[in-house]
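In the form predicted on its own, a lone chain appears below as structure tokens.
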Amino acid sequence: MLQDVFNAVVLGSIYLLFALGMALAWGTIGVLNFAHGVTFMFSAFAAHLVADRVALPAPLIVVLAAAMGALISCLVQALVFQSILRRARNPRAAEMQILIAGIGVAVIPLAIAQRLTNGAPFGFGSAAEQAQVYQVGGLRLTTMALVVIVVGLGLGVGLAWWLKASKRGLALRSIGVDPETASLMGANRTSLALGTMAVAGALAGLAGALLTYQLGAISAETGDVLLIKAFAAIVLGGLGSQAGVIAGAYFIAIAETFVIVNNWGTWADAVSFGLIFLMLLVRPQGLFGRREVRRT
């Protein structure tokens, strides 16, 4: 039982690491980036290509993947999303166009990775360090699992605090509430949006590298699977609430672990969609979200 709980916490931390960047961009600048999954995958793939040619320590490979994720996300924002925002008729039309553009952009890196790997999983090869295993009573712990938990929770709590307490975090939140008024008060939406996408991409790259170390290898399609989990965690927790993302990620992981432990493994992926459906019916704003009030 204790091992199952620990495994659920590790799985929830992986979901959280992936979902943090997506939730940050969607909840502040209003960008639902469906290229987030491929940013996660291709960042790890780029680090894999480097690790196959140059012997690098694990921390440097993780930093490289995070930097690659930030670069990809910034390029997508500057070349695609920002152009759509300038030309769209209204914010609602821009949201739909960005969503479709994200799906289109994701196809290109995915096709490249599939072509170069021939559809086979990839990892960091000789650069992957053997994780140490500890036995504490009946509980089996690994160093990489502990790193994933600490980094996931640390970044989740830190990002929630930064958005709530820092000046730039408040400026970013104001853009999510009323971009026109925020701009009149001095908030530069373009630069803040680019910085937000850079952070979101870096978080995706970090998650990609850590998950590759945790599992040993991932495939080109792994990001697409996690995209559904992240979307479910954000909707479940409440859009715009980083605390909600944390709760949503761990709730989904616990639910999936319960399903698997009870030998209902074929239903594991249905949990995410089922939770989204139930939450939209019962509490559309999510567990920690607030109802939107518009006054005219």
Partner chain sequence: MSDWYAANIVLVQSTMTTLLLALSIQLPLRVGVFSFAGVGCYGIGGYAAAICMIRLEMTTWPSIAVGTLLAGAASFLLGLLIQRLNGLYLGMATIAFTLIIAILAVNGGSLTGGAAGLFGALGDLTTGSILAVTLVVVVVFALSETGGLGRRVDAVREDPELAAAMGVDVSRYRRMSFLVSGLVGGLSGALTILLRSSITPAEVNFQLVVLALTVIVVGGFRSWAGALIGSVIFVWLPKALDFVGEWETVVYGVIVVLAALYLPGGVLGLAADLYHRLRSGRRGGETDDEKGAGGADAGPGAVAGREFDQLAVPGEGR
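The shown structure was predicted, so the numbers you read here are calculated from the model rather than taken from an experiment. Positions refer to the first chain, counted from 1.
Unshown form predicted together with the partner chain; subsequent notes refer to it.
Per the 4.5 Å heavy atom criterion, the partner chain in the predicted bound form is contacted by stretch 228-236, the sole one of 228-236, 66-74, 243-251, 53-61.
When the partner chain is considered in the predicted bound form, S83 lines it closely, a heavy atom lying within 4.5 Å.
Taking non-hydrogen atoms only, A160 never approaches the partner chain to within 4.5 angstroms in the predicted bound form. Among residues of the shown chain, R168 is not one whose heavy atoms approach the partner chain to within 4.5 Å in the predicted bound form. Contact annotation: A101 falls within 4.5 Å of the partner chain in the predicted bound form, judged by heavy atom distances.
Looking at 20-54, the residues that come within 4.5 Å of the partner chain in the predicted bound form, counting any heavy atom, are W26, F34.
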